[in-house]
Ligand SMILES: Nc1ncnc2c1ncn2[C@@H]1O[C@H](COP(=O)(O)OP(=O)(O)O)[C@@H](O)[C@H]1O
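Taking the form predicted alone, here's one chain by itself in structure tokens.
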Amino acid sequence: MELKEVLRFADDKVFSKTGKHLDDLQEAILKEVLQGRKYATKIAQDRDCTEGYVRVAASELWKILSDVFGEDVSKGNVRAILERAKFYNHSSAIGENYGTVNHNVNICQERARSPTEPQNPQQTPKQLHIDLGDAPEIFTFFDRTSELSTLENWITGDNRTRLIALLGISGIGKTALSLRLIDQIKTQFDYVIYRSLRFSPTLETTLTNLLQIFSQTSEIPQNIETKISQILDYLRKYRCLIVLDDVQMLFSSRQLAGQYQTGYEDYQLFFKLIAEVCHQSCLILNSWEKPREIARLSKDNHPVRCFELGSLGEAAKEILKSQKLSDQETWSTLIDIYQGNPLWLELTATLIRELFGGRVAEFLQCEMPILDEGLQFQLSQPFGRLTAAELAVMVHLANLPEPVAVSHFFNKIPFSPSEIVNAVRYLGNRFLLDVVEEEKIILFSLNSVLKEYVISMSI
């Protein structure tokens, strides 16, 4: 059988089963294997990626083909299975013309199953497994009703989302929101897991930790490709909700946002597989830097979403009320100045209570905004990661009275147009810029808190 014919047949069968064609990497792997070649090294060199990346992709390809053809497929038997299946497919087509064969086309079972339909009972644990590890205890939670509703719909609705990036500037409430979401929807899962990546664990460490939860009595494999494969198997077998917090700690400082540190690039492959491989679970990534692969993966009809968390709005008054501040008529002004950021308001409210006797009106008579030491420390963390070009853009914006277009920076700061464009773009991915559109022109500025911090830092 001609190679092109076999490849086309395999792609047609995969598409009829999953609704997706083989991607370029899968097709390259299959092509090399069908020709009896050792594929990993050649493809890794051709595509400038690691052999491990290729092997994991191959492992997932064999699983897809095994599901499509109803028998175990490996690199050793894939050609024989494809040729045999094509022969029977041809025979069935002949029989179908005489009304003797009935074909049914199915899409990915996990995606097709109704969310109210019970999962395979013999595969479901007898009880809900919850492991929140080092999750902080949330003593107070302020209204995020619409945000919770949106996230719950993405995860448990008809078009179940496999990967969600929960994004926003430090202090905006990503951790609190994800933990409240867990509490709200946990009964719809077999496993619920929260882990922080604040100490930058390698992917192997994270996978080992997860496998210890899933298979407490089984031996953990040493090979990272096998670990990834096992994790994906558990995500297929069980309905799992996994939250990975502080994802920004995987990224490099002094580099444009979302660039993985050396030795952490495997996370990018892992997140990509979570998005693209068929399973019935959901992974949430909390970060104050946007992972670069998320932008590429979050397209129409893909089970990947971004949620950018913004101001708490009027609900932030509950924070001021809990701090027993006075002058309620001025609270909205205080909330606007501090961008409705829960942590910024908590720190500022403490300052007002301690130095102004809780009187907000008296505090607002000072030149605004005032940044207490705790707030300055919080802001120093993302600012400490900026590139020289990003810092130059921030300093320039801090001294401007009005929003400006990106072209304004050309010839104003000592960087090339390419460096400036990238700096502005990735400052947006760090959630450090305010963006408005006027007459189809995109304009950029800093909010008052960031502007004050940049000016004080520059002195």
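Everything quoted here is computed from the prediction, not taken from an experiment. Note that residue numbering begins at 1 and tracks the sequence as displayed.
The protein also exists as the form predicted together with this ligand; that form is not presented, and the subsequent description refers to it.
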Gly258, Pro382, Pro369, Gly171: which sits within 4.5 Å of this ligand in the predicted bound form by any heavy atom?
Gly171
Between the options Leu82, Ile335, Ala176, Ile213, which residue brings a heavy atom to within 4.5 Å of this ligand in the predicted bound form?
Ala176
Which one, 335-343, 157-165, 352-360, 263-271, holds residues whose non-hydrogen atoms are within 4.5 Å of this ligand in the predicted bound form?
335-343
In the predicted bound form, does Phe377 have a heavy atom within 4.5 Å of this ligand?
no
Does any heavy atom of Val304 come within 4.5 Å of a heavy atom of this ligand in the predicted bound form?
no
My question is simply whether Arg195 lines the interface with this ligand in the predicted bound form - judged by any non-hydrogen atom within 4.5 Å.
no
So in the predicted bound form, is this ligand close enough to Cys240 to count as touching (4.5 Å, heavy atoms)?
no
Within 4.5 Å of this ligand in the predicted bound form, do Leu391, Phe415 and Ala423 each have at least one heavy atom?
no
Residues within 4.5 Å of this ligand in the predicted bound form, restricted to 127-147 and counted by heavy atom:
Thr140, Phe141, Phe142, Arg144
